[in-house]
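Here we start with a single chain on its own, the form predicted alone, put down as structure tokens.
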């Protein structure tokens, strides 16, 4: 690991001042669990790291029944997993949080950091997509909101511009009664990246029943299985024939790679199987 300098601003204003005068080899850190791994593997070589951990306005989790869940940039994965409203209204997110690494790592890793890292296998991405999450960005030019689906543009790439920081991610409250789950396939049961991840949410809001499906580790950027969702729309109890069609539609919308964890063909097949399994589990939870 090469030498680097670190700044620890105590406010967003101070962070913006540091970033405005920093060079291109600058990294912003919350929990730092991804950044440190990339540095040790010589994938990135920052000359300056801006540590956000002292900025109070980036901490905490809030919930408003009229709006939804707001997760601050410094809120850890464990804090999200243990939040009572997450378990009640966002079970797919809670499942994903509990499947992320181990308890010690989850005390450092942040949900927003997982989204900013934009690694396709990131456990937080698919759940935030099915809950239609929105990233709140702040910077010298002001504030803007970007849906999670549009925030990640490719592996380890996002829309953040120079000097911008993600303040929080907001997940709207699902309308009406809902159920959700996140299933993850790995080579072993702990401390492993996903070979395939599937997030599923079912809602019974005004009108007909709706389904949402998103996947992890099988696409370069976030994706919703719109065709599969449309096949399920309004169906209360899908039969096996319909689930098979939904699985085929789900497999058609992913574009995985072959790597050391799994082959492309295996991942596509498992998308179909996990999609059906996730739908059955959501229906059981309803």
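Residue numbers count along the first chain shown, from 1. Please read all numbers here as calculations on a predicted model, not as lab measurements.
Keep in mind that the form predicted together with a small molecule is not shown, yet the notes after this line are about it.
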Contact with the small molecule in the predicted bound form, heavy atom within 4.5 Å, among 73, 196, 80, 199 goes to 73
Checking a candidate spot here: are 221, 229 and 252 all in contact with the small molecule in the predicted bound form (at least one heavy atom each within 4.5 Å)?
no
Here the chain appears without its partner; judged in the predicted bound form, the stretch of 230 to 238, 61 to 69, 243 to 251, 37 to 45 with heavy atoms within 4.5 Å of the small molecule is 37 to 45
Would you check, heavy atoms only and a 4.5 Å threshold, whether residue 148 touches the small molecule in the predicted bound form?
-> no
- Heavy atom to heavy atom, is residue 213 within 4.5 Å of the small molecule in the predicted bound form? no
is_contact(residue 159, the small molecule) in the predicted bound form, heavy atom dist at most 4.5 Å: no
Q) Is residue 203 a contact residue for the small molecule in the predicted bound form, using a 4.5 Å heavy atom cut-off? A) no
